[in-house]
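Below, in structure tokens: the form predicted on its own, a single chain.
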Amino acid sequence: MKISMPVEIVGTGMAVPERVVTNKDFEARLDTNDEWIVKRTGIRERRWASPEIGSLTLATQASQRALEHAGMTADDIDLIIVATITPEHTLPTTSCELQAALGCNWCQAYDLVAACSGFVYAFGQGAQNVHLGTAKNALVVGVDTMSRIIDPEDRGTAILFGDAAAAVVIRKAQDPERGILAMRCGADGGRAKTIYIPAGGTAEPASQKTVDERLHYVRMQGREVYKFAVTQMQSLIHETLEDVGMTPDQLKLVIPHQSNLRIIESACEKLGLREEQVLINIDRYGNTSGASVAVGLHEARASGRFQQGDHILLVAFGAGLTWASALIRI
């Protein structure tokens, strides 16, 4: 959908745990090896948090760095949105705990749950609040500590996920040509159980039985998710550009959710995107769910892969099933 939300990104920051988990670390306990993992996913290593570090710690570190880059203090923030499926606690929201950790005033704060699409959803909502004037400076965070919810004995999921957080600070842009030019968000709840956690919610509360049956870990139908993601990513990029009459060659950079290198390469090849137009960091971080696109955005900004006036495209898909895109003129 073509829209006009003149906002600017004035600060970015990220945080990852120190512990690096390589593919070889799985060889002793799972039927896999480095060559198999790299060939099928593109992942070489990922970061896993130590027991004393959770989503709040990573979110706080990333947010502090984003505020520093923006030249702001916690008092300048009047909206916090945290996109996560691994909250610090079930109650209260991680956003409220983050507000306290940063020392913000009593600004509005809430969590958003859209899995791997979460950050793009949250970025759009933060921009909308800034555009409408209900917030002046919004802090939008993508964070997930996926190592806490993956089954270490399941080769299909254990090798895929990592832990990370990244944050952006956005405010209204004076130039009406800057900001979000188009967004597309959607979901298909009919395929909810292609990626889900069976227990822990109201349908099946935690019990000794659910723990014994390992029902608090992510279950994923990998083949179905792969087929969905390949076609959805390609169509989402095409449709978002079509909304504003742009073609792929006019993009400076695409920042896709880092789920699988083959998915990204297949979609981009069909769209005619050049290698330098696509950010890839899955080899270093794996799939960090809600943090994935946010981490890519920070790394692209920090390495100078886009400048003011460039067009970039954020695109993601994940459990739900959900999908989201945002075309931005920097």
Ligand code: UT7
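Just so it is clear, the model here is predicted, and its values are computed rather than measured. The numbering used is simple: start at 1 and walk along the sequence shown.
Another form, the form predicted in complex with the named molecule, is not on view; read the next lines as being about it.
Pick from 180 to 188, 237 to 245, 159 to 167, 89 to 97: which stretch has a heavy atom within 4.5 Å of the named molecule in the predicted bound form?
Contact-bearing stretch, as computed: 159 to 167.
Test of understanding: in the predicted bound form, would residue 223 fall inside 4.5 Å of the named molecule by heavy atoms?
It does: once the named molecule is placed as it appears in the predicted bound form, residue 223 has a heavy atom within 4.5 Å of it.
Spell out, yes or no, whether the shortest heavy atom distance between residue 60 and the named molecule in the predicted bound form is within 4.5 Å.
Residue 60: no, not in contact with the named molecule in the predicted bound form.
Even though the named molecule is not shown here, does residue 270 get within 4.5 Å of it in the predicted bound form, heavy atoms only?
Outside the cut-off, so no.
Can any non-hydrogen atom of residue 147 be found within 4.5 angstroms of the named molecule in the predicted bound form?
Flag for residue 147 set to no.
Could you work out which of 67, 279, 263, 56 is the residue within 4.5 angstroms of the named molecule in the predicted bound form, going by heavy atoms?
Of 67, 279, 263, 56, the residue with a heavy atom within 4.5 Å of the named molecule in the predicted bound form is 263.
Just to confirm, with a 4.5 Å cut-off on non-hydrogen atoms, which of 255, 140, 116, 127 contacts the named molecule in the predicted bound form?
Selected option: 116.
Residues in 182 to 211 close to the named molecule in the predicted bound form, defined by a heavy atom within 4.5 Å, in order:
Residue within 4.5 Å: 195, and no other.
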